[in-house]
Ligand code: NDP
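Just the one chain here, laid out as structure tokens, in the form predicted alone.
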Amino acid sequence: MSARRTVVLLGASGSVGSSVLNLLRKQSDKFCLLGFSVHRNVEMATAIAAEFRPTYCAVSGLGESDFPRHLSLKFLPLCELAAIAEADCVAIAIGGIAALDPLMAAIGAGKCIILANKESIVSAGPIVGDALLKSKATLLPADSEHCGIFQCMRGDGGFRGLFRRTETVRHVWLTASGGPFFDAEGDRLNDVKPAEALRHPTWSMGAKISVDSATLANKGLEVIEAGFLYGLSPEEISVVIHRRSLVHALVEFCDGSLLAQMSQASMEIPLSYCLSYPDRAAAPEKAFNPVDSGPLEFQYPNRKSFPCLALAESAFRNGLSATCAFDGANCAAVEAFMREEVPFGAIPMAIGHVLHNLPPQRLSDIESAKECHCEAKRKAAEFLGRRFSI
């Protein structure tokens, strides 16, 4: 029997982290947890350490004294854990731009990286791409849509890897569930509360990504990410609403053929693909029956009611730091909405304001990307404070 692959999991206490841990439980003969990181969830961190007996841990909002001594963990800085020599693969499930530093550390160390974070690519795609092309690292996108694209392109046989243009690809279709308000009009959306925005119809996710799905900002972020990852222009990427969440991506090739990636709506499926890459691990769950699944229906999104999608596409077309500014402004606006300081419709208002008032600039390194992100958040917060007297 071959040795088990050692896994470092960054962001172990979130929904994606929980899915990774569940896969490690199911496939304990193939994988072992070498190390993990958490922010403040000491109860979950203690449980993870007790169950999986990892060697290393990185904490940000906690201290070493918060953990029982009998666990015998070795505490490391986050970026040091991301680049640790003993790890075969590094799964990055940290939310937001906080994933950017450990991502760059893992790339520099030449790791096999499972990336379940779109903000790092949206905010610093060209910088990440340049670093990846200069290293021996492998980057595998774990989001269901981008993993679906990856599998379709790989199935074509001419796929040359991420951040390289694939000439045989003509168009990519990203599917969206539409979120909890997909058929709501403007008046209804004015009164939306945070608890309603968190009720995603298909996926079980964290608060921030659930709100992003409700505004379709998440799909806008995915358009930008797909553009960077696969060398596509905004015109080569379309978004369609697919309420069933069975088809995750479709890729059209130059000969008119389309490949689709389909599966049940479970993050464990793309994560398992990434963990086992380039192989596929057998799963006990059966795929859906194409007859029992019913019709596969698609429709275009209501862009009038959900302007965040068009704002993301505009930022993508403007290039340079505009996509980073989009993400920063969206972060600030979602935070204010979750605190019930601003209405749901304030989110695209803040993004539009920042994109209009923060001219795109060239980002030379990750520090400049983080500075741009902070500036966009600041401008969005200032705008919302003036507009809604908060």
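The shown structure was predicted, so the numbers you read here are calculated from the model rather than taken from an experiment. Residue numbers here begin at 1 and follow the sequence given.
What comes next is about the form predicted in complex with the ligand, which does not appear here.
The closest non-hydrogen atom of Ala87 lies beyond 4.5 Å of the ligand in the model of the complex. The closest non-hydrogen atom of Ala12 lies within 4.5 Å of the ligand in the model of the complex.
Interface membership of Gly161, defined by any non-hydrogen atom within 4.5 Å of the ligand in the model of the complex, is ruled out. By the criterion of a heavy atom within 4.5 Å, Cys372 is excluded from the residues contacting the ligand in the model of the complex. Across the options 301-309, 164-172, 91-99, 287-295, residues that bring heavy atoms within 4.5 Å of the ligand in the model of the complex belong to 91-99. A heavy atom within 4.5 Å of the ligand in the model of the complex is found for exactly one of Ile209, Leu259, Ala105, Leu189: Ile209. Among His248, Lys111, Lys219, Lys118, the residue placing a heavy atom within 4.5 Å of the ligand in the model of the complex is Lys118. Of the residues in 315-329, none comes within 4.5 Å of the ligand in the model of the complex through any heavy atom.
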